[in-house]
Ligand SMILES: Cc1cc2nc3c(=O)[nH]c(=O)nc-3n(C[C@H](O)[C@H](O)[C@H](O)COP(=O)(O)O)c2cc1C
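Okay, so here's just one chain, in structure tokens, the form predicted alone.
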């Protein structure tokens, strides 16, 4: 396999370019969402790409997959994966992609990480999820590979895959992997008690998502390209299917693009 290269840029667009680095995109994908992100990253960076493939793949149904994962967790076992073709030691930068299950990277990625040393490498996590899990996954990855330089990474809801290509492009620019105009986010305003209008934005954004039963209590607001972003502090209350669930404070990020309905981009628990 030919080693792909990418030129890592300094934070300023006009700054000097560093020596070319060998880049690998590694991913596990069950339903195709994470694969789409992996393909986008590889196409934009020119990286080599390889899938983590299971010996005995999960069932494609959500219920069967969750049931098998829960049983494996109870038994303390991980799924077997196919031999890996790429020699990870040859690469300077490794992108690792996964769906978020149970608040962290899917078990096939855990299995792959058991057999690889990423020490001294720049590691870029990326993930797809129903509501969130990027932050907790990155924290777990840093514990698992303490000698690697692990970036904060990129995550996208499966319900927002149409926004992914543009977001991936901007992430790669801002992280210094491809050339382009860097984005500078406006600072968040102070958190304040939600107004009736802001509560309506929150309710519209989470409406119809079954895993949330939350009410906003505070919010910070900032202007972003083509719209407004909200950072809500909310309380997630027990759902009908989980009455024993304790109330929990969460953060919910919401985007209202110009002329579009509110949509939440991720939840931080």
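Residue numbers count along the first chain shown, from 1. Because the structure is a prediction, the values reported are computed rather than measured.
Another form exists, predicted in complex with this ligand; not displayed. Remarks below refer to it.
- 65 is the sole member of 213, 233, 228, 65 with a non-hydrogen atom lying within 4.5 angstroms of this ligand in the predicted complex.
- Put simply, of 112, 101, 91, 177 only one has a heavy atom within 4.5 Å of this ligand in the predicted complex, and it is 101.
- Just one listed stretch, out of 189-197, 163-171, 76-84, 123-131, contacts this ligand in the predicted complex at the 4.5 Å heavy atom level, and that stretch is 123-131.
- Contact between residue 29 and this ligand in the predicted complex is found at the 4.5 Å heavy atom cutoff.
- Remark: residue 144 does not count among the residues lining this ligand in the predicted complex, judged by a heavy atom distance of 4.5 Å or less.
- At a distance threshold of 4.5 angstroms between non-hydrogen atoms, residue 158 is in contact with this ligand in the predicted complex.
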